[in-house]
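Below you'll find only one chain, the form predicted on its own, shown as structure tokens.
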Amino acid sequence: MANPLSRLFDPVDADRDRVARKYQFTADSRAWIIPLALGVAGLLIGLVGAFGDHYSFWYSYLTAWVFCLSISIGALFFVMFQHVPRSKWVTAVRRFPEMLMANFWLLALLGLPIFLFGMHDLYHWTHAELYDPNHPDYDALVAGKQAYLNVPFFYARIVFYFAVWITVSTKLYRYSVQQDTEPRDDVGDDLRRVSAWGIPLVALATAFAGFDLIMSLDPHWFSTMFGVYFFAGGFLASIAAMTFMALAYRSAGMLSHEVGEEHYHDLGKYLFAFTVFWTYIAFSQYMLIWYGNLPEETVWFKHRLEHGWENVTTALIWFHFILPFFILIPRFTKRIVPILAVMCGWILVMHYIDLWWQIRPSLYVATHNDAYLDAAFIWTDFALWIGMVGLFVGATMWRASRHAITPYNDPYYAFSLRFQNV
């Protein structure tokens, strides 16, 4: 009996010598409706918060949106990193990060409310009185950054970032899915070429996006390492997301032959490696600011080491680094599906908490309202996160219903099926 969560995709002109099985799976064409409906409901419920505490609403919305955006950015980097060295092992699972990175059009649409309606509440530097020397709220430090921190230039940069992300991801995704029906041996050259010029552009866009979207929430503070910190968290979360997708589709009866424990083992190694990398960058940023001991730099950590935020900081150390580190370091845990699945979900949750820790304390900095001083989740955090993730997952699953979930006509596909760790 056919699996109700999947349907069979019979390619018209597929090269049968490169196909391990007669048919290729795509996701069920209706499965994406459930997360989409959940996402719409979450956003509508969260929207109620805009009519109450509009400051908290926009900070919750930004956190949820950046969470999804960082995963797509990380997935785009992952795909490019595999194409440049012509990595073969990843071919069987490559369609998952490709589907994740193809969501930039949706994310651009979901980001419009922030840039059209939420700028004044989110970004303190947009307040005109900060730049008026005759106003009591004049801020000389912020006024000195006006050449960079001004709304027209901010909008121009956001357009540039999305233009880069959308252009590179669209080209890579289009070349990949064209292989399903129009196979050719030289597609790897096109994918490698786009990735080669795409990596520096995407790296530039990602670093400055971290500066603009998160660091500028507190315009007095700056860190030259923050762009790398933003990348590290998003890349780790994207590995967790794509691994979780592969495990989920396998549990639904698909990919039992195409993706095996050798692939999960390597994805688990990525999870372990970038757990360490995220920690290294986070600690390096803290250590350099602590050692420099400059008031305009240390204030950012000061706000995250008091009023309950010190507990969140400690939790990130224990649960974003120490626990995953010791669980993922043995070889066997990366080959046990339930453990790997739990760790993927765990890392995604901790990534959200990390972003919340980066973003939420700036609300007090912007408003100086004691109601925003203490660390506490609020209902809009949950509602908008569920809503945003629901739409993100729904769009990814919809894309999975339109194309095969493995690039089975890729020249390296057969090698990937036989891949063995040494």
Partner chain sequence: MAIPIIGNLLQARADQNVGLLAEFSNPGELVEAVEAVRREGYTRIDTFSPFPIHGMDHAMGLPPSKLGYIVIGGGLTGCALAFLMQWYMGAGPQIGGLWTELQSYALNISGKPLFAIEPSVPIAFELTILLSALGAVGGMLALNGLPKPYNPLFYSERFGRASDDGFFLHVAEADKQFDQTGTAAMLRANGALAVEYISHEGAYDVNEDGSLVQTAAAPEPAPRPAPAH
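Predicted, not measured: the structure shown is a model, and the values here were computed from it. Numbering follows the first chain given and starts at 1.
One more form of this protein should be noted, the form predicted together with its partner chain, which is absent from this view; the next part is about it.
Heavy atoms within 4.5 Å of its partner chain in the predicted complex belong, among the stretches 342-350, 69-77, 279-287, 117-125, to residues of 279-287. A residue is said to contact a partner when one of its heavy atoms sits within 4.5 Å of a partner heavy atom; residue 291 meets this definition for its partner chain in the predicted complex.
Taking the partner from the other structure, its partner chain in the predicted complex has no heavy atom within 4.5 Å of any heavy atom of residue 225. Although the partner is absent here, residue 329 sits close enough that one of its heavy atoms falls within 4.5 Å of its partner chain in the predicted complex.
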